[in-house]
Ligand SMILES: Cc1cc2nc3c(=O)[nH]c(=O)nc-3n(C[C@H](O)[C@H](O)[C@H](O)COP(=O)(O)O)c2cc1C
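Just one chain follows, in the form predicted on its own, and it is written as structure tokens.
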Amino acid sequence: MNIDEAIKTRVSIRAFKPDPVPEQLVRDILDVARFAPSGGNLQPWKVIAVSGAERDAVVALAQANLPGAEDDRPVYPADLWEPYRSRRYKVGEDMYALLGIGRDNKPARFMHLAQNFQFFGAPVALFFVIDKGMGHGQWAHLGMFMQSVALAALERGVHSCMQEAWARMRIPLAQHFALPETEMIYCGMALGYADMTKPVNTLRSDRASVDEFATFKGF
């Protein structure tokens, strides 16, 4: 798999097979991803990987704390504006259409949303940790590291779903993992093998064309 193919075919998987992902394979993925760039080589990330009973304990923690609450670092800005609002709305509606869940079926939509907190059935989950004192630059660097994890996983046949939904569980997760006061969970990532018999895994989000987001000068 070349780089172009990996970038274009990486998608958020929302239904995984129960097949285990060995610890060594997770280590191999992280061993590649650690070469992600970061300003000043700060490498402002830590990772907590859970599987087996440890994964189940996190799922139980989430179930005990749902629906959870966002802190002062919400996933999306309040009153999201265009074109971002429409993009978010469309991908959500496209996903629920594949699931056969209508707009008025709010209980079914909530049940699917709650599957975030079961890692959509993935056998492994990663949690990305950052120091609260880090600035916006280091958060961007953490994002590059996460993308590197997802691509290194895909190269090895392992699929992923980056899960900002876990931001609602930052406080109980910090307590569960005994994080120091200076650190916080950014988000989670499900890792495993995609169950391609599930229609939701056929979802492909629309992307803006280059001319919609890029300006070229001096060429």
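We number the residues from 1 along the sequence you see. All of these numbers come straight from a predicted model, not from anything done at the bench.
Below: the form predicted in complex with this ligand, not depicted.
Taking A174, C187, A152, I48 one by one, only a single residue has any non-hydrogen atom within 4.5 Å of this ligand in the model of the complex, and it is C187. Proximity to this ligand in the model of the complex, defined as a heavy atom within 4.5 Å, singles out one entry of L30, A165, L179, A194, which is A165.
Although the partner is absent here, A114 lies well away from this ligand in the model of the complex, with no heavy atom inside 4.5 Å. Heavy atoms of M146 reach within 4.5 Å of this ligand in the model of the complex, making it an interface residue. Shown alone here, R10 lies within 4.5 Å of this ligand in the model of the complex, counting heavy atoms only. When this ligand is considered in the model of the complex, V158 lies well away from it, no heavy atom lying within 4.5 Å. Remark: of stretches 101-109, 115-123, 129-137, 77-85, the one touching this ligand in the model of the complex is 115-123 (heavy atom within 4.5 Å). If you take 204-219 and check each residue for a heavy atom within 4.5 Å of this ligand in the model of the complex, you get S205, R207, in sequence order.
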